[in-house]
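To begin, one chain is listed below as structure tokens, in the form predicted on its own.
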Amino acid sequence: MENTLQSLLDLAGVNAAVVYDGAGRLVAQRGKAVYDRGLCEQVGGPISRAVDSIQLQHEDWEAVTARFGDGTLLLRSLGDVAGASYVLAVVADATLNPAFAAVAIRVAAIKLKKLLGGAASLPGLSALHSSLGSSVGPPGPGGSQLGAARGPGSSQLYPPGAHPASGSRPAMASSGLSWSKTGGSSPSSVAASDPAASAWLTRASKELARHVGPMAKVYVEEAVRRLCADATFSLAHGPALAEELSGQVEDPKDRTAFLQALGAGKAK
């Protein structure tokens, strides 16, 4: 994996190439100078939330380019591997050749997905996918996973202990959205009691996004925190949450359609 990321870093204008899982956890990175592990981990959350917003309106999205100051962030979906979703993030400056970079990123994405798929097929890693929603490389001696030395320009493959398995947000392979199994520490997360509840929240977010756009997931999270005392959502909360969310839909006909899509009847 490090060779593939290095091939991107060798492109003129590219400052970092990073792979994240669906919950925004860093899987591997290669970057110049300031783009070390710490910085790349910090931006994992915002990138995960941005991908969630994209996924709400474009479930089959492939690539997105965002501008910031004099730089560019290029995101490329790596799809789902063994039930977990992944994304490649490339940070570049104004000297990047967009056309040339697009070809290189497409080729790198194909290679990375194959590498992730190969790692997922190794003995013992299916359980890791279930608990972490990610794969971070082949196992090393004693069953632990390999971790390259940290430093400027280094590539990182992190051991299972480096990822917060307990209370973290598992990636949902069907949609790319994620919700905590239990009360997570992130202020932007809410908890779902079981997979069925997670699926309901995802469906509600997608239906709401038809009317309010990419802010839908934020509205869903806020509504869950208002309605659920311990911020843990179950299917029993579904009708009340649907009514609460319908208030975000201005047009009466659209509001009725939203409620009916969630099986909550007509708007009052």
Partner chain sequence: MAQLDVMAKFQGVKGVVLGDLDGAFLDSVREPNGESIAAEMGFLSSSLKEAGEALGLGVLGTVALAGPVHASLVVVRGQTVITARVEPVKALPLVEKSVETSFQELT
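Numbering follows the first chain given and starts at 1. In this text, rigid core is short for the largest set of C-alphas that superpose within 1.5 Å between two forms. Because the structure is predicted, anything quoted here is derived from the model rather than measured.
What comes next is about the form predicted in complex with the partner chain, which is not displayed.
Original post:
Which of 220 to 228, 234 to 242, 22 to 30, 57 to 65 has heavy atoms within 4.5 Å of the partner chain in the predicted bound form?
Top reply: The contacting stretch here is 57 to 65.
Subject >> Joint contact, 216, 248 and 263 to the partner chain in the predicted bound form, by non-hydrogen atom at 4.5 Å >> reply: No, the candidate spot makes no contact with the partner chain.
**OP:** May I ask you to choose, among 83, 117, 71, 79, the residue with a heavy atom within 4.5 Å of the partner chain in the predicted bound form?
**Re:** The residue from 83, 117, 71, 79 that makes the contact is 71.
**OP:** Could you tell me which one of 203, 49, 37, 211 places a heavy atom within 4.5 Å of the partner chain in the predicted bound form?
**Re:** Contact residue from the list: 49.
Original post:
With a 4.5 Å heavy atom cut-off, would you call residue 191 a contact of the partner chain in the predicted bound form?
Top reply: Answer no; every heavy atom of residue 191 is more than 4.5 Å from the partner chain in the predicted bound form.
Original post:
Within a 4.5 Å heavy atom cut-off, is residue 88 in contact with the partner chain in the predicted bound form?
Top reply: Contact with the partner chain, no.
Subject >> residue 101: touches the partner chain in the predicted bound form, heavy atom cutoff 4.5 angstroms >> reply: No - in the predicted bound form, heavy atoms of residue 101 and the partner chain never come within 4.5 Å of each other.
Original post:
Can any non-hydrogen atom of residue 43 be found within 4.5 angstroms of the partner chain in the predicted bound form?
Top reply: Yes - in the predicted bound form, heavy atoms of residue 43 and the partner chain come within 4.5 Å of each other.
Subject >> Threshold 2 Å Cα movement between this form and the one not shown at residue 40, rigid core reference >> reply: Not so; residue 40 is displaced by less than 2 Å.
**OP:** Would you tell me if residue 208 moves between this form and the one not shown by 2 Å or more at its C-alpha, with the rigid core held superposed?
**Re:** Residue 208 C-alpha, core-superposed: shift of 2 Å or more.
Original post:
Considering a change of 3 Å or more, are the Cα atoms of residue 205 and residue 18 closer or farther in the predicted bound form than here?
Top reply: Result: closer.
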